[in-house]
Every structure is written in structure tokens, then in C-alpha cells.
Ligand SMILES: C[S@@+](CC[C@H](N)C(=O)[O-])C[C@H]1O[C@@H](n2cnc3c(N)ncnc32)[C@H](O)[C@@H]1O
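Single chain ahead, written as C-alpha cells, the form predicted on its own.
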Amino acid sequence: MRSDWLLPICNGGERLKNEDGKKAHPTQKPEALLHRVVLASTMVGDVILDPFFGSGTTGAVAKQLGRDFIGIERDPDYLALAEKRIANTRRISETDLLETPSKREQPRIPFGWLVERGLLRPGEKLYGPKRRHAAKVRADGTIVTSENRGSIHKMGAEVQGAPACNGWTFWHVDVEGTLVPIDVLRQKLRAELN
């Protein structure tokens, strides 16, 4: 999921209107906002509580994404609006399309597998961003800098003087003059496992 949330305001066909053609609710939220929140914080079948239900954006998105919901709203006009909106919302029936697997659920791929499978060769150079740092791949699945050897994570942290490092995204391999993160190679192996 992306970390930048540039979302449009609620307008156009999504904006609910009353009989006079005016906004039916003054602070209706865009469905895109709730879509991200629901995907980031719940799983299919979970129950979402919205104690200030308003126009029912949370309920509509929850229904679409295979979640259940409880909405609390004291204004009868807003409640009627939300009920109508949700009745016209279609639940996505293929639940496997709604699940967002976490990175922790993906199969673990040791760095050494890249060497064993021939995606990287012993002696091949890895580079940090903008080629500021370099290391060589060892046959045992470790890497060596000019001073030390260790895991891709340990050596990435060491060359930066950082307490920790994700070596999969820090180290890159040169592919015809372009630096490519070694995480691309890891994803290739993961795809073969599935």
C-alpha cells in the first residue's frame, strides 16, 4: 500500500445530494479514503464500527470489500441516506480478490538462494544507492565490503553507520548499466515458489 495519500475531495457522482440538489451531508468522506483505511486495518469478514456513521461511507466501503459493519447515527435523515446508499452498494463476491497478504505471510527467501540458483554469482558486485557503497557476493550467501563480511542487512547497516538496514532494498545489482534492487531477484524466486 502506498504511503502518500493524495485523495480528491468528495464530489461528482460520488457526492450524495438531497431533493433540492444540495449536499446531503456536509462532511461526506471520499470512498477512496475509507478504502485505504479498511484495507490497511481489517481483513475480509472483520466487523468495523463507525460511531458517527453520517452518510454511510464506511458501511458502503466495508460492504464492497467483504467486511461487516456497525454504524451508529443519531440524525434520522443521515441514517435514511446511509441505508439507501448501502442498499445500492454491491459486495465483491470473489473474496480472494479482496485479501491483501502481508509481507510476513510471503515465503522467506534467504539471500543465499540467489547465489545457489545462479541469479547472483560469487564475486559479483552489489552497490548501494547511487553506487556510494560496494560489496562482493560470497559463495556462502554473505557479502563482503572492503572491511568486513556478513549478511546483506548487517553490511548495509554497517556501511551507512545505521542501526539497521533492509538489505533487500539497499543493495542493487548492475543490469546493463542500471542499478536494480536485489529485491527484484527475491520476488522472482517467490513467484517460482507459488
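Position 1 is the first residue in the sequence shown; the rest follow in order. Remember, predicted model here, so these are calculated numbers, not experimental data.
Omitted from view is the form predicted together with the ligand, to which the following refers.
Novice: Answer yes if any heavy atom of G54 is within 4.5 Å of a heavy atom of the ligand in the model of the complex; otherwise answer no.
Specialist: Answer yes; at least one heavy atom of G54 falls within 4.5 Å of the ligand in the model of the complex.
Novice: Give a yes or no for F111: in the model of the complex, does one of its heavy atoms lie within 4.5 Å of a heavy atom belonging to the ligand?
Specialist: No.
Novice: If we define contact as a non-hydrogen atom of the residue within 4.5 angstroms of the partner, is R186 a contact of the ligand in the model of the complex?
Specialist: Taking the distances in the model of the complex, the answer for R186 is no, it never comes within 4.5 Å of the ligand.
Novice: Taking the ligand as it sits in the model of the complex, is H25 near enough to touch it, meaning that at least one heavy atom pair lies within 4.5 angstroms?
Specialist: H25: contacts the ligand in the model of the complex.
Novice: Quick one: from K136, R149, R36, K29, grab the residue that has a heavy atom within 4.5 Å of the ligand in the model of the complex.
Specialist: For this set of options, the contacting one is K29.
Novice: Of 123-131, 136-144, 56-64, 38-46, which is the one stretch near the ligand in the model of the complex, taking non-hydrogen atoms within 4.5 angstroms as near?
Specialist: Single hit among the candidates: 56-64.
Novice: Going through 59-91, which residues have a heavy atom within 4.5 Å of the ligand in the model of the complex? Please give them in sequence order.
Specialist: Contacts from 59-91: I72, E73, R74, D75, Y78.
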